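In the form predicted on its own, a lone chain appears below as structure tokens.
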Amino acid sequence: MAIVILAVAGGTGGVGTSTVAFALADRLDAVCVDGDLAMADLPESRGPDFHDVLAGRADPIEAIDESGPVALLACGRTLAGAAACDLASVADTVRAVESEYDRVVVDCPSGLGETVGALLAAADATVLVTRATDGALAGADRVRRLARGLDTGLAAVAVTRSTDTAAARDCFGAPAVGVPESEAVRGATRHGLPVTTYAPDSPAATAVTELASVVRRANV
């Protein structure tokens, strides 16, 4: 089955989920949706955002910002905006974006909250993002089990700040790609760009390019 809506999710915060999602969207020529309703980490929008869409104040297509290297449905930063969101609209919103743009990468919040479940349920497949530590792998496995219960397959695993993917491959039985820590990732974040645009020849960008190839070949 072709993957047209890809959820990028991690079990714990600080593992680089947003970094991977933003760069994957660049490499897959997809719209990136910032689905972290409470703690958005991708660049902000000057116009309507995901909060506005889920509150019924804006059309999802009109809210997409195409001014950067990656078309982005950004998310608001206020708690009031997050509280006004109707999670029942998540799936329809993401599918409307896919219908217009063909491919969507969703940056999910960490953990197992209701928002994560709604985003995973709307997706065709998941990329798990984890560190190589026992705690991060355990958190990612909980997300994997949630996705499996929602019939959302596992396309690949991204192991950040490391090139050692053996533990992730053993844990998840899926292709794993190491995304090494680098100054390029920090620079890309500061400039609000995907690392694949900011430093396309960096080891991190090369790793995400490999990850995108794995996703394209996935049959989930």
Partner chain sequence: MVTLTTTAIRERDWTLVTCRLTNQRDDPRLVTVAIPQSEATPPDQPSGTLRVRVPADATVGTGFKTPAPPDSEPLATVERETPVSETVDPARLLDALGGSRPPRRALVGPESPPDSVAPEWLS
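Positions refer to the first chain, counted from 1. Only a predicted model underlies this, so the values are computations on that prediction, with no experimental measurement involved.
Here the subject shifts to the form predicted in complex with its partner chain, a form of this protein not shown in this document.
Under a 4.5 angstroms heavy atom criterion, identify the one residue in Asp151, Glu62, Glu66, Asp170 near its partner chain in the predicted bound form. The option sitting close enough to the partner is Asp151.
Open item on the list: Although the partner isn't part of this model, could you tell me whether Thr115 comes within 4.5 Å of its partner chain in the predicted bound form, counting any heavy atom of the residue?
Closed with: Thr115: yes, in contact with its partner chain in the predicted bound form.
Considering non-hydrogen atoms and a 4.5 Å limit, does its partner chain approach Ala38 in the predicted bound form? Although its partner chain is absent here, Ala38 would touch it in the predicted bound form, with heavy atoms inside 4.5 Å.
Does at least one non-hydrogen atom of Leu87 fall within 4.5 angstroms of its partner chain in the predicted bound form? Yes, Leu87 is a contact residue.
With the cut-off set at 4.5 Å between non-hydrogen atoms, does Ala138 touch its partner chain in the predicted bound form? Outside the cut-off, so no.
- Message: Within 4.5 Å, heavy atoms only, one stretch in 68-76, 124-132, 95-103, 141-149 touches its partner chain in the predicted bound form. Which?
- Response: In short, 141-149.
request  = Counting only non-hydrogen atoms and a 4.5 Å cut-off, give the residues of 125-143 close to its partner chain in the predicted bound form.
outcome  = Read in sequence order, no residue approaches its partner chain (within 4.5 Å, in the predicted bound form).
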